[in-house]
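Two forms of a single protein chain come next, each set out by itself as structure tokens; they are called structure 1 and structure 2.
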Structure 1
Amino acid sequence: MNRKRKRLISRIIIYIILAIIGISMILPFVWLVSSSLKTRAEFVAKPPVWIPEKAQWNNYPKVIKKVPFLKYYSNSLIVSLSVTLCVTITSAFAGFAFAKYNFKFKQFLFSFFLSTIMLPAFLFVVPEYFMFSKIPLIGGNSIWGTGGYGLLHSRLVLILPFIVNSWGIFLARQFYIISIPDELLQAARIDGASEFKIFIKLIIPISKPVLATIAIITFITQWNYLFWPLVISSSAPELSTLPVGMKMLAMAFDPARNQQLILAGLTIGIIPPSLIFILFQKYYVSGIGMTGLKE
């Protein structure tokens, strides 16, 4: 067997393996959407029914009417988009500073940021809850931070704890170290550009892949985050996000008899992160490829 034929056979095998992996990843989503359009009888049928005989589009209005689904949806969109925007901006600025500037305690500060990644989120719940409830002159509080509820009834309480992300700073720093030579910055300075102009006009356009990567992962993570919104919604139900709403949806319907309705709610919930990934996957793939873990 000549070399050309061996190469062809190996390529065919690789494509078959990738196709199998791709199909195995898509099948759960196909099953989710298909099951959300089934009747109860079709859902429990054996062998499984993949395509419903008549799509039950009314499953979706039933979900929306049963719980304030649109309210949960809007809360999740506002919080996730706000956090994503803030994290992308702070990661770009901080990552560039750590990569290209020398300042006092630089290595200590960077190590401190990285160390926070190892701390579990629940360690900060009690101090953060106490801090946001005691902010002076907000939410009925006095100048001493007493008598009211602070920010606990504002969407800001779901946004502010997450506006800086250590992982995003690390990823941006690695990108700037590897992809942007110091000579490029020196040339811009010689031409008379200010540091801010260099960052906005020169660095940001080059940074699209890594910023898109940070934005995608941040949005999906925040969209699916349950712990902190669940804590806040216990005292402010109007701030419930979609993950909290899905828990309430499971409580509103009998899981043993209405699985298809619960799956309809899940189908609605995966639309935004799926669209975000589809729209920016080109930048995501190139961003991962361009950010290494070396100095």
Structure 2
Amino acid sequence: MNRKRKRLISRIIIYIILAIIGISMILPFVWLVSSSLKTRAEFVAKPPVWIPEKAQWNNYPKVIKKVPFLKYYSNSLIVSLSVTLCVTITSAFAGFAFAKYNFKFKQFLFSFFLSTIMLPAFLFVVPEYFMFSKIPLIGGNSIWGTGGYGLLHSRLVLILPFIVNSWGIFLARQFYIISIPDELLQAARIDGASEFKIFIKLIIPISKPVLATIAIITFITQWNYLFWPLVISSSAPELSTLPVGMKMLAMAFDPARNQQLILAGLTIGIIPPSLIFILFQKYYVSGIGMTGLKE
């Protein structure tokens, strides 16, 4: 009896702690959305108002009018979708090669690809900025790459440095090793199919789950990425993506007067990645789980 009671008490304590943790996890989000619907007076009220008396939906059109959100949105969408498409394809390609073919320097190349995640992203910023500014015959550049601004005002600048991803290759390779038996490839070869045809007709359809995982993780990561777009937009403001826009939004307004509008802007910006996560969370989660599994 006593033991049972002890158990019950420890259970209750655990649930209370879990509840506190759970609340602290979602509280900032609840606060964000509810504050984006507040009036100025409700925002500064003390003690804090949780549910605005009358939801100020027009905070949203107001902020969209004040800041070029549509521009940010279209930049973010185009960049994230292009990167996602490229990463998915290149990961499937390279992952398949590393899983199913034997070739010279395979191990070396795979370790080399993976080791790139060790380098800090900001090591690449200066050289890549320089490289993009010097591309010959583009953006007013001479054939020697001087005189103009190169690709710095094109969305390609935001896309190209991300079209291959070591994690994606790693994930695809894991998948191909585990779930595609060599016999399947042999059978297709005996039927006379070329390697490329095998890949397109046979492998791609089987690998839809892992490709979905790679695509979703890539899209969300890219959508949320700030550093490189921030650097680029300092000289090409028309290329600002949503995170850059959110940062500018938070700084552009008089911080003492318009927080509700800033928060409305943030809410708009976090909708796409959240929506994608909600819709496809199975794939996202299986991908994160997969990175932790041993071969």
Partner chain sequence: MKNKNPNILTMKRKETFAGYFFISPALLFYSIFFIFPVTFSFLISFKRWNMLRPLSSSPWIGFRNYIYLFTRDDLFKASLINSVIYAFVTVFLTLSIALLIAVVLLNIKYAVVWRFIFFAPIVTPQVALGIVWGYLYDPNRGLLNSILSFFGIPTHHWLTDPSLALFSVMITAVWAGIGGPLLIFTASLKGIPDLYYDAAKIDGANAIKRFWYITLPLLRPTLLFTIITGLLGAWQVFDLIYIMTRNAPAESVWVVSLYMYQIAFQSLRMGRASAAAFILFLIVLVITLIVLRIFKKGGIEGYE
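As the structure is a computational prediction, the values presented were derived from the model and not from experiment. If you superpose the two forms and keep the largest set of C-alpha atoms that fall within 1.5 Å, you have the rigid core. Along the sequence of structure 1, residues get numbers from 1 upward.
Between the two copies of this chain, it is structure 1 that is the form predicted on its own. Shown in the overlay between structures 1 and 2, fitted on the rigid core, is a CA shift at T39 of 2 Å or greater. P48 shows a C-alpha shift of 2 Å or greater between structures 1 and 2 [criterion: core-superposed Cα displacement of 2 Å].
Relative to the superposed core, F227 undergoes a Cα shift smaller than 2 Å between structures 1 and 2. After superposition on the rigid core, the Cα atom of L8 is displaced by 15.8 Å between structures 1 and 2.
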